[in-house]
Each structure stands twice: as C-alpha cells, then as structure tokens.
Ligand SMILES: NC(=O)c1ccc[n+]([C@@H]2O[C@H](COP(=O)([O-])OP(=O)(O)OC[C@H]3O[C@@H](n4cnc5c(N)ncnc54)[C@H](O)[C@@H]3O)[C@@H](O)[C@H]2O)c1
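A single chain comes next, written as structure tokens; it is the form predicted on its own.
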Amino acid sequence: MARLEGYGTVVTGAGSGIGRAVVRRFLAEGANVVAVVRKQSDRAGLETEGATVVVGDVSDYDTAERAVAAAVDKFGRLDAYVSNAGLWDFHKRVEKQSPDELQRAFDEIFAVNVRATLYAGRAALTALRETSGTLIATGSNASFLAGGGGALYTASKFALRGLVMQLAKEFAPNVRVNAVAPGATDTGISGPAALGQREREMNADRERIAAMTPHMPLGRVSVPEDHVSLYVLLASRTESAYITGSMLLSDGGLTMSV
C-alpha cells in the first residue's frame, strides 16, 4: 500500500526543484496534492501529472488560505502542508548592497523563507487538527551554520528553524511541525527581485555546481529527488508519529565536515 494513500496535501514552490519532486513523490505515494506555484506557466505540467494547482505569492496570507481551502474542498481533508518555497541570495555580501537594497531584500527574503511558513501554519491549523496532520517546512544546511548563502539567506533559515520549533510547541499535541534541511542541491532556486536575482537560477551556473562538489563528503551535489523520502516520512502519521520540532539534515554530510 502507498505510504500516503488518500492524504490531502499542499506543496508550495511546486513549479520546479524540490517542490516539484515532492509533488511527484506524494502523488506516487497515493496522496492528493494541491501544488502552489508563482507563475501561470507552471500549471500545465502539474495538472497533467494529477495535481490541483493554485497560483499565488506565498508571502501573501491569501495564497495559503486558498491552498488550504482547495485541499479541503476537493479532497475533504488536509493531512500535510509542505511549506517549501524559498529564495536564495547567491552569497550576496552585505557590503555589496546599498542600505535600500538591504531593506528591500531583507523584507522579500524573510517574507518567502519565514513568513510564508508562519502563514501556512495559521491557515492550515484548523484543518490539520482535524486529521492530526503535519506542517513541514524546507530549511537548509544554512539553518545550522554560516556559508550556505549570504547574511540575509542564512539569517532567514536560522529564523525558520526557530519558527519550526516554536510552532511545534504551540500546535502540540494534535499537529506535528518539522522541516527537512537540504544542502548543496542542483536546483533552480532564484533570488529576490530587490537584488535583481528574480530571474536568476542557481543551477544555471554549472561552474558553481562543480565548485560545490569537492566539499561534499558523499562526493556529489544532491538532486531534488535525494530529499523527497524525508518529506514522505514526516508526512506519514504512522512512520513519524513521535517526531515534532525537528529539522532533518539531508546535506550529504556537509554540516558535519565544516
């Protein structure tokens, strides 16, 4: 039997990368999925694969509310909300940003990397309580140490780790809150518009990917599919019934090697 048979789920950042891989794996495991994307152009492929699509900005509460409503209306339940959408900052150093850029980029990165998960928890809480469900965020190796990005990205991921722990405390005992922390992943994550990085994709720079490889104890940079089993584990109420407030590292040993 599929591990998430009949589950109602939401996955944000579903247009590409880890989010897209989670959608595919959840569908393969028997889940029904609401896929949240930023662009209309991402709809077709997801709908063809069997997902219900909601288009919106995860930094707006309305998007989380519409995603939860779509899951409850279409599937009759919500068992897992995966708050995966994120922005990177391409290691942009503070001294290379004007004060205005710092303010605008801070607001933009924290809105997506932190506030969106806060909104997800608030919007999904009632529905998740009804199913003893779970909220799952996407952290990073940068949730544990410096060097995974610039100051804004690293600060946002440390903040997300704290948010996961606090929400786990507040939502217990009926709703579990956890996160997966990937590291060095070959994915098209983009950056904030405030820094002119909205159309830039991390893995478009193949030299960057190659430069990461020697630092990985497992000898390679990960792909999105390397991480998705952890999302399935945390979504399953039978396989992770006693896990809450945790952020599970999936970084090929990068954090331990620093």
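All residue numbers are counted from 1 along the displayed sequence. Owing to the predicted nature of the structure, the values given are computational and were not obtained by experimental measurement.
What comes next is about the form predicted in complex with this ligand, which is not displayed.
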| request: Mark residue 58 yes when one of its heavy atoms lies within 4.5 Å of a heavy atom of this ligand in the model of the complex, and no otherwise. | output: yes
| query | Is residue 127 close enough to touch this ligand in the model of the complex, meaning at least one heavy atom pair within 4.5 Å? | reply | no
| said: residue 42 versus this ligand, in the model of the complex: is there a non-hydrogen atom within 4.5 Å? | reply: yes
| task | Find out whether any non-hydrogen atom of residue 197 is located within 4.5 angstroms of this ligand in the model of the complex, and reply yes or no. | result | no
| request: Could you work out which of 163, 155, 184, 123 is the residue within 4.5 angstroms of this ligand in the model of the complex, going by heavy atoms? | output: 184
| query | Within 4.5 Å of this ligand in the model of the complex, heavy atoms considered, which of 82, 87, 177, 71? | reply | 87
| request: Heavy atoms, 4.5 Å, this ligand in the model of the complex: which of 134-142, 72-80, 96-104, 168-176 makes the cut? Say which one. | output: 134-142
| said: Heavy atom within 4.5 Å of this ligand in the model of the complex: which residues of 188-221 meet that condition, in order? | reply: 188, 189, 190, 202
